[in-house]
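The chain below stands alone, shown as structure tokens; this is the form predicted on its own.
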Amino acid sequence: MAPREYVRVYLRLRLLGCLILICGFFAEASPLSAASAGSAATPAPADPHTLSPSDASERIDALRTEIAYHDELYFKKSTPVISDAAYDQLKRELVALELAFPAAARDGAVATEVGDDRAGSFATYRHRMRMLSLNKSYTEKELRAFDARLMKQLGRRELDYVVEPKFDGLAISVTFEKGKLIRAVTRGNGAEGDDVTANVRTISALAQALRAANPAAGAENSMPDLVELRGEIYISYSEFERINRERESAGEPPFSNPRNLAAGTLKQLDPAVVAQRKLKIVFYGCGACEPAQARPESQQALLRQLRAWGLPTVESPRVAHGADAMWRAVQAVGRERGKYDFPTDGAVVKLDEVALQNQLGVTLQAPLWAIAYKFSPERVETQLRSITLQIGRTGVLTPVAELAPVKLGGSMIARASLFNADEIMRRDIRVGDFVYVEKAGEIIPVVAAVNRARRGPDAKPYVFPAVCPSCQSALAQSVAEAAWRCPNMNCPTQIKRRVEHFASAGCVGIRGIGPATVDKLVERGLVKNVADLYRLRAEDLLSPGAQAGKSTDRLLTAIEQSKRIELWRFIDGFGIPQVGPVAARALARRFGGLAELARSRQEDFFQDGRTAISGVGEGPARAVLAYFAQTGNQEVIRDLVALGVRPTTSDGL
């Protein structure tokens, strides 16, 4: 046999071996059960053995399109609509097909590319050392196969691992030079990411300078000249719940999970907006380090060094000797994650010794010495009885699944998020379907998939209404967002939500003005805007034939007292898009009064092409100008002033 023929046979055998391994992986270690694989967005993997080259080419193109769509939602918009497991299934199928049909792949394999989180609105910066992702596993068998591969490659009988919770946030690289924080960059495409230094500096727990190494505290090396520290930006469950309570009180849809909120917050253009949401950071890895000998010699030593430098890091990591101990440690993380105040979707297993890590090396996507084990989210099946629409104070219509009540995560679930109209149509979710419900980020119930095997003949595609169910105005959808809006500012439901927001404890704080009271006042035509609250009389608050009592007097007193609260609370209460408490305080300090704010002009906000008010970015500034450009909003301000509203200039800090 000629030498070239030997090479061709060898390469074919290697390809066949890879294909058999991957196909066996699908058959024996699929991340989704047969039931959960019925997602409308994720068809069952195609078997490479049954496809012709033309069919394979078509399937590869379809998978690339689907993966690109989900990459855009996850990395760019922070609004994923399928689980990580379903996404990984798509990537694994693409790997198998690209290996089996290299000619059909045409443009070269893309299944192993790292996602790209660059937003296009930040300066980018190139990592000194490529920033990687992690390979994932979903079964004990896969974890043990990982251990077996490492032992074989390293010629060891047993290995030491460090097992850490897998934080579910946005990966970040923070560079320190001579101990000083100089730059924070997102992973981006692995080679370069967005420079978000100004936003990361708002994190209160992040030291702006490393504490000098203290040998007594367990530090094993001195301060390096330069070090890239790798970690995660996240939002705690308690902060996530606080923000969602505020949004719900304002009639706005809640964020679906902490990861999306953290990622979206970090990509805000105004650091002041970032500061009002209490982001957190944790460090657990190291990129470039100069001089090289300053790098800790093990993962355990790195975590000790991070702590000695005064940086937040993994608390109580588990050290495991051998595969059995490693699996027990992963299970322990799974049992305890319900006690964590941070979002975690798995455990990360890392080979402890850095010298052995270097022997194994890395790919363009992930290190070969670490792996993530992803916990399966709790999932239940129930029937979708109807779809209702919630109307927020800005007119956004949010579809909600009304479910046959079912127990999930220790609580009864009767409603779940359906994201938006486009997702209902794209995933072909129908009233009457049996659906799988999960808790996104273990907080918000969402419809994760449809069990099409149980779809009955009466299940009909949902038709999103063309008009607002509250006021019958024609709905509008902007090019920039998927949400449908009611453009009618006089829509009764929008008025209710705006008045509720204005009177809520976080804004003007009028005790006694709750949802039920607001509904009655709006329905009776007594309140059409927030100024009308200050026109109310005792008889307006009573049912026919009822006598005024202490509760009526208390409410009228509360309304009167609210005329003299802090100005920023009024500004926040108006519900101007993108203007929260931080921007409201900045506006109050700058303008000092309602009338002065209402008369603001573009030159008050922008000078030499830059924003002129600290704490008010370009988006909020333009939103304020657009808000007061509307005649109706100007009239409300004039009415408030005429009715004796005189907010104080104290910013409440």
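Heads up: residue numbers just count along the shown sequence, starting at 1. Only a predicted model underlies this, so the values are computations on that prediction, with no experimental measurement involved.
One more form of this protein exists, namely the form predicted together with a small molecule; it is left out here, but the text below deals with it.
When contacts are judged by a 4.5 Å heavy atom cut-off, Y284 counts as touching the small molecule in the predicted complex. Among residues of the shown chain, V348 is one whose heavy atoms approach the small molecule to within 4.5 Å in the predicted complex. Residue contact with the small molecule in the predicted complex: R498 places no heavy atom within 4.5 Å of it.
Among heavy atoms of P165, some come within 4.5 Å of the small molecule in the predicted complex. Exactly one of the stretches 396 to 404, 188 to 196, 129 to 137, 272 to 280 approaches the small molecule in the predicted complex with heavy atoms within 4.5 Å, and it is 129 to 137.
With the partner omitted from this view, the residue of L159, A171, L210, L73 that lies near the small molecule in the predicted complex is A171 [heavy atom within 4.5 Å]. Interface residue among G580, G115, P367, G509, judged by heavy atoms within 4.5 Å of the small molecule in the predicted complex: P367.
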